[in-house]
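Starting off, we have a lone chain in the form predicted alone, written out as structure tokens.
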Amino acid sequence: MLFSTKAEYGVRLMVELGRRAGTTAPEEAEPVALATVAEAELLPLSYLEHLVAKLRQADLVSSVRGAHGGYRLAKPAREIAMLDVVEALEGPVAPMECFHTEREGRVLCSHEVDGDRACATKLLWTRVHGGVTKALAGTSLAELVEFADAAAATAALPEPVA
């Protein structure tokens, strides 16, 4: 299953906002200009503007207007699941074009037109969907921020002298 650059860049945007907020409560965090995120992550600013609009609609980020304005997380990083971020950017997770989930959690397959014949691959794609959504739902933004901080700290260490 491939996610588009919307998910990749959007998650990177959220991690950068989370890193800059640190342990500060979201409403007290300094807003971050998208240009700052674009420069730090080497991402196109115009694309981030498009993504942040979707993240705002999903109440995952908030904006602050003015000279020192920008964006910040709308809630603590530990309360933001990657499933929410990916679905805000990509829409519902579906491993195949024919795969659809209803609000009640039922899985529908467009190949089951009349309902009298089961789709032979529905079980497989239901399991794939369950695995992907479980992984995304079980991963918080706080975990990614911690991972990014640890990786940055390791990269900053000097090389051992032989």
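Residue numbers here begin at 1 and follow the sequence given. These numbers come from a predicted model, not from an experiment.
A second form of this protein, the form predicted together with the DNA, is not displayed here; the remarks below concern that form.
Across the proposed site, Val93, His129 and Gly138 without exception lack any heavy atom within 4.5 Å of the DNA in the predicted complex.
Among residues of the shown chain, Lys134 is not one whose heavy atoms approach the DNA to within 4.5 Å in the predicted complex. Using a 4.5 angstroms threshold between heavy atoms, Thr121 stays clear of the DNA in the predicted complex.
In the predicted complex, the DNA stays beyond 4.5 Å of every heavy atom belonging to Leu55. Interface residue remark: Trp125 is not counted as part of the site for the DNA in the predicted complex, having no heavy atom within 4.5 Å. Of all the residues from 44 to 69, those having a non-hydrogen atom no more than 4.5 Å from the DNA in the predicted complex are Pro44, Ser46, Tyr47, Glu49, His50, Arg56, Ser63, Val64, Arg65, Gly66, Ala67, His68, Gly69.
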